[in-house]
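Single chain ahead, written as structure tokens, the form predicted on its own.
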Amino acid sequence: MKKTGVAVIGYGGMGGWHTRHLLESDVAELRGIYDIKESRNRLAEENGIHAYGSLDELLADKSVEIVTIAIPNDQHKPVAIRAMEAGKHVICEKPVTLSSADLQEIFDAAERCDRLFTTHQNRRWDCDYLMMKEAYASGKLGQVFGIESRYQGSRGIPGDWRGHKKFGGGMMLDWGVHLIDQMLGIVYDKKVESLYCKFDHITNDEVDDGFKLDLYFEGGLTARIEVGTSHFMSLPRFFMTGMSGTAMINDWKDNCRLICCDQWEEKDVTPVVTSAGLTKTMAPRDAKTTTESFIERPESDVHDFYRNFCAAVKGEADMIVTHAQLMRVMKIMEASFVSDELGAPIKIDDYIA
């Protein structure tokens, strides 16, 4: 099978990630890279990867069918549109743009140029997400009324463009775009009705270095998405609560633990002795009324992203990451910034048709 030619624009952290995976791909062939920093072009050559002399040279290469863009967020739109106008299909690192208006301009360019455009939502292949998605869809927890998703670290914002607003920095655009996309993938059957968001500015006044976002779905389900960069202990990666059970993933490396209730009524509850008295209400259940089980980590291959897009380019598949999904996440992020500014909840219908 002939492999699809791919070139990568940007040879920083994610650009390097893409090149490494492309070199191992069974469907795509890396043609080369281009970076505005000559030192990175030299590094690529030292690593045995062809470096184009200019962006024009890369776009003129007829063997390149797909361009992957891995540069700072504020530069995505002009480069993506230019690549599509040059006849290339485009994969762009998240969050693509800084506004839904800019994102729509990219979609319009894709339609005008008859090219495919998508975003590298690679965290759809994270095992913790896939396990929680399975837990929700299984129905074992009964009616789910609460989900928590969080990443908490202790090293602040990376000391590069991510700390500056004009470049599209901050944790909402860096991590929120992934966790919102995952949450919408888990709760696939309900509409977001409103949201409330509060940003943190603990180590950076210019952009958020963390946030707490609450999504309120129809039917009463509430989802908390939280990112922190000043935490020296972390809460569970995922926590899901339903009428008949609870699921938890403590760390992204763990399996998913489920405790399901087999018998609601429990006789002869042994009270918990606290320093201030007794309580039966908060006493833990025992094995007589509950069952413990696990969802083991599934097989997951992030190469499936390129397999899908290359197949879509050939007209053999639909894109996994669609324009409608990208716009929905973008508008939720926009509404989050408005909510933080107003200090109030936002009705999502004002942002998502």
Ligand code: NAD
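One-based numbering along the sequence shown. Owing to the predicted nature of the structure, the values given are computational and were not obtained by experimental measurement.
The form predicted together with this ligand is left out here; the points below concern that form.
Put simply, residue 180 is far from this ligand in the predicted bound form: not one heavy atom of it is within 4.5 Å. Although the partner is absent from this view, residue 242 stays clear of this ligand in the predicted bound form, with no non-hydrogen atom inside 4.5 angstroms. A residue is said to contact a partner when one of its heavy atoms sits within 4.5 Å of a partner heavy atom; residue 37 meets this definition for this ligand in the predicted bound form. Residue contact with this ligand in the predicted bound form: residue 345 places no heavy atom within 4.5 Å of it.
Residue 73 is the only one of 118, 73, 229, 149 with a heavy atom lying within 4.5 Å of this ligand in the predicted bound form.
Interface residue among 140, 162, 198, 224, judged by heavy atoms within 4.5 Å of this ligand in the predicted bound form: 162. Contact with this ligand in the predicted bound form holds for none of 172, 210 and 340, as no heavy atom of theirs lies within 4.5 Å. Of the stretches 86-94, 199-207, 262-270, 101-109, only 86-94 has residues with a heavy atom within 4.5 Å of this ligand in the predicted bound form. Using a 4.5 Å cut-off on any heavy atom, none of the residues of 210-235 reaches this ligand in the predicted bound form.
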